[in-house]
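Next up is one chain by itself, shown in structure tokens, the form predicted alone.
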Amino acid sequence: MKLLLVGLFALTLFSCSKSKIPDMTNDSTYYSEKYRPQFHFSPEKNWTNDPNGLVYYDGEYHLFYQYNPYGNTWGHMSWGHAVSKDLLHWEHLPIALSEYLDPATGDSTMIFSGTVVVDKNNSSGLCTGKDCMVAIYTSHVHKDNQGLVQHQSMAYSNDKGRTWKRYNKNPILDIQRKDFRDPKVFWHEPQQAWIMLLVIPDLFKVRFYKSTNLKEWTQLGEFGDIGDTTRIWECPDMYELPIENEAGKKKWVLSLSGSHPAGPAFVGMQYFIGEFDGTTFKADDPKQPPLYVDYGKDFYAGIVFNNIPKEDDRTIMIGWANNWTYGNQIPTSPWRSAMSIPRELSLKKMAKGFRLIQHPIKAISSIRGEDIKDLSSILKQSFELEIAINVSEGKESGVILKNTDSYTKIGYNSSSHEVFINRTMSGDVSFNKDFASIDRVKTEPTDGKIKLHVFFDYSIIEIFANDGEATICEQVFPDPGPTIVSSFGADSVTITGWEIKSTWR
């Protein structure tokens, strides 16, 4: 009877990857639920967390993501899948990689985070044509909800990601540890080899490996024991970024998820700037205070796209717009969690050294609707604002976004030199005691002004301060009804706005 039940459960898990998601995009109720983002990616239903396997291939951007096919909280981790031609309008595809059971042992294997690469020269020998897509991911083996081991496995697709087959000699990398995960793989042209970096989370180590065929991996160096170690390290990524105003110059960035600038009660992302010598990453300043990717509570596990064409020359990151502190409890249904706006990354030399610069992708202007001429009653809760604040010493100024009896304040405090968002009265904050918060980031005016580029999307606010020098991504769950935008403080505040069209309906 036990084997029969295991077999039935395994059949259920495998059947997920075969199911066809119905086309509901012409349904007027589609993606119209309370709090549903209209231009951020979210699954049609159920739980999602980390973006996985971001890759561009043959005219399509692929977004894979941690997904629970069976419910609205974390569990049964599999890879959901969607594709887009512009990073804004997404087509849902069947589940790519499903959790599965070993009938012999009863152990279940979840599909944790990982990478997809385009094997352009068939180095793996798995492609039926000149190239194919290869996924390298963490297999999380568990029994009775107890983790047993994490190792790295591989799957491949010869039909542009529509169907996947697991490699028959998995795992491809196993060091017999309970926590060893989140591989990021990329092609390193100087070595003509694949490089993998992944984390030993509880030891705060990033380990590097090398391969010529994606199957056999040789250990290289390690990076760690610096930066913020108040929470475990997860989801590493590494990429070269151009330096603004220095033509042709680039530096390497290594980013990690784990710690948050507000302390260990929350999760966030930090990054390091340095060089990759082909063996390991070396930070320019090992004693530099931690640098954070985002100062809101809701940006985590961000990774960049592989295989962006050289002529495009963008580095594009997407993050998970939620936080583990309250992520399973946010008041949304039938889905839970969304992704950030895709962000274009670069570096800029500032007074204290190089810093990460982030911009919303330029294509987002293509979904602008009408100019907002009346800020006192914005009917759609999906809009974009450009705000300029003339800063006066000792003042706090900005905008209030009000919905019936709820409101969110966004502004600048010139005494503390901080851009801030206050969501303590933003609507439903009752679902978790740690949700209501005021979050801040140090930002210096330019020519006496602070510029804020704000995107409001029903339950997500993203702020890009001073042309991307600092960012804040936060969830809010406001009262229904039109949004009233008004300024506050003694400083001069100029506001320009646009409605943003739904990318789902």
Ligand code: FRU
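The shown structure was predicted, so the numbers you read here are calculated from the model rather than taken from an experiment. Start at 1 and count along the sequence shown; that's the residue number.
Below, we turn to the form predicted together with this ligand, even though it does not appear here.
Participant: Please determine, with the chain shown alone, which of 175 to 183, 125 to 133, 207 to 215, 340 to 348 has non-hydrogen atoms within 4.5 Å of this ligand in the model of the complex.
Facilitator: Every other range fails; the passing one is 175 to 183.
Participant: Mark Y300 yes when one of its heavy atoms lies within 4.5 Å of a heavy atom of this ligand in the model of the complex, and no otherwise.
Facilitator: Y300 belongs to the contact set for this ligand.
Participant: Using the partner position in the model of the complex, report whether D457 sits within 4.5 Å of this ligand, counting heavy atoms only.
Facilitator: No, D457 sits far enough from this ligand in the model of the complex that none of its heavy atoms falls within 4.5 Å.
Participant: Is F112 near this ligand? Define near as a heavy atom within 4.5 Å, in the model of the complex.
Facilitator: Yes, F112 lies within 4.5 Å of this ligand in the model of the complex.
Participant: Considering only heavy atoms, tell me if D50 and this ligand come within 4.5 Å of each other in the model of the complex.
Facilitator: The answer is yes: D50 has a heavy atom within 4.5 Å of this ligand.
Participant: Report the residue, out of N46, Q38, Q66, T443, that has at least one non-hydrogen atom within 4.5 angstroms of this ligand in the model of the complex.
Facilitator: In short, Q66.
Participant: With this ligand left out of view, choose which of E234, D119, E418, D237 has a non-hydrogen atom within 4.5 angstroms of it in the model of the complex.
Facilitator: Contact with this ligand in the model of the complex is made by E234 alone.
Participant: For the spot marked by L87, W90 and F305, is every residue within 4.5 Å of this ligand in the model of the complex through some heavy atom?
Facilitator: So, no: the whole triplet misses this ligand.
Participant: Determine the residues of 65 to 87 with a heavy atom within 4.5 Å of this ligand in the model of the complex and present them in sequence order; the list may be empty.
Facilitator: Heavy-atom contacts within 4.5 Å come from Q66, W74, M77.
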